[in-house]
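A lone chain, given as structure tokens: the form predicted alone.
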Amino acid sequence: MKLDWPLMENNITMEDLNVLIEFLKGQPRLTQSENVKAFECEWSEWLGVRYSVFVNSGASANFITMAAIKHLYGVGEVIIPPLTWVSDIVSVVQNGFKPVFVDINPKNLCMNDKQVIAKLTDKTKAVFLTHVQGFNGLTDRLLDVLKKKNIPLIEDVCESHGATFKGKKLGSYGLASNFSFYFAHHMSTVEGGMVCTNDRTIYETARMLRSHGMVREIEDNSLKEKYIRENPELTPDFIFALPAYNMRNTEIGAVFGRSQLKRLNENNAKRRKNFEIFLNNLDPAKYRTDFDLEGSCNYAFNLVIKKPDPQFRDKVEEAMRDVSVEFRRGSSGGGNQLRQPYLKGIVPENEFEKYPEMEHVHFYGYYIGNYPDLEEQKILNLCSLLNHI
């Protein structure tokens, strides 16, 4: 039996391609223009925020957000998880912040909120929380403490489009949030990302940081005029207020995004159903099935072996390879980021040992693709295979 199960399938459809073809027939401008603006507005409305800034990747969204925090609040410590994508941590480090790590909650793979609260100090500039692979990482307790201490929450929602907390979409709680539209995620612009916020200052700063730090990107005329008055010797079109980047996306990406957004809710409903079928049919004696699914929207099936058993793990991997089921060990981003060479000299040697929940997922956790066209029988067949190991 071959299941032929990739991490993602059919994430860009003929419907999307036909929309793009019609757009290209008009010989349009392809660099950032009207479709980018329209996609930003439509995304903001879907998410429930005031502002969005479309960039060329989720990683760029991370970098711009942390650069904005540095510019507006100064540097210090940022609390961040060891289970996340590399760019979250690199954006913290490269903007001059000290990363402070906490272990994960095994029920949702996100940061343990009690440990986050315990590590808050007067040096903490932000909590950068990753909603891992569709799970919600927020709690009332965490939000209340951050509000009381006036510490910004940054939400990485790159893997969790449409997931909610108390009925409100993730990405609408923090001072800013980041999304990715990479090919393997809930929806795709091929490459792309979004910075979202309700804060006008963050928004204007992100717009400048996206495009070389140029003041002409500012929408607030009073702020734009302030920069022009303070720099009379400069041409108004070329005032570079911040040391920044070129992280713009294109009209092509925005056309894809606008097309895909129309069916995101429908596709997410299919993903939720798929994941419930998967967990309900796994053997709870062998695998973790007690994830907190309230509000979740998972683009992956999280398979975590219950007990640390290297021989059993090897059998699981061999079985999935034999039936052509693609998987990634360590779950999001390759597992425990504290084991990665880029953090050598930045965190103490063997720091990874202090995070036992993360270490278990690093060696005994996987993700398997969950996409809208996935057949129920294929899910049941995989569960049967795993249960008989």
Ligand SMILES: Cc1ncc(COP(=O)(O)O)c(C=O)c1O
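We number the residues from 1 along the sequence you see. The structure presented is a predicted model; accordingly, all values stated were derived computationally and were not measured.
The protein also exists as the form predicted in complex with the ligand; that form is not presented, and the subsequent description refers to it.
- In the model of the complex, the ligand sits within 4.5 Å of a heavy atom of residue 87.
- For residue 57, a non-hydrogen atom is located within 4.5 Å of the ligand in the model of the complex, even though that partner is not displayed.
- Not displayed here, the ligand is approached by residue 182 to within 4.5 Å at the level of heavy atoms in the model of the complex.
- Residue contact check for residue 337: none of its heavy atoms lie within 4.5 Å of the ligand in the model of the complex.
- 130 is the sole member of 205, 130, 302, 249 with a non-hydrogen atom within 4.5 Å of the ligand in the model of the complex.
- When the ligand is considered in the model of the complex, only one residue from 154, 158, 187, 116 comes within 4.5 Å through any heavy atom, namely 158.
- Residues with any non-hydrogen atom within 4.5 angstroms of the ligand in the model of the complex fall in just one of 322 to 330, 345 to 353, 42 to 50, 57 to 65: 57 to 65.
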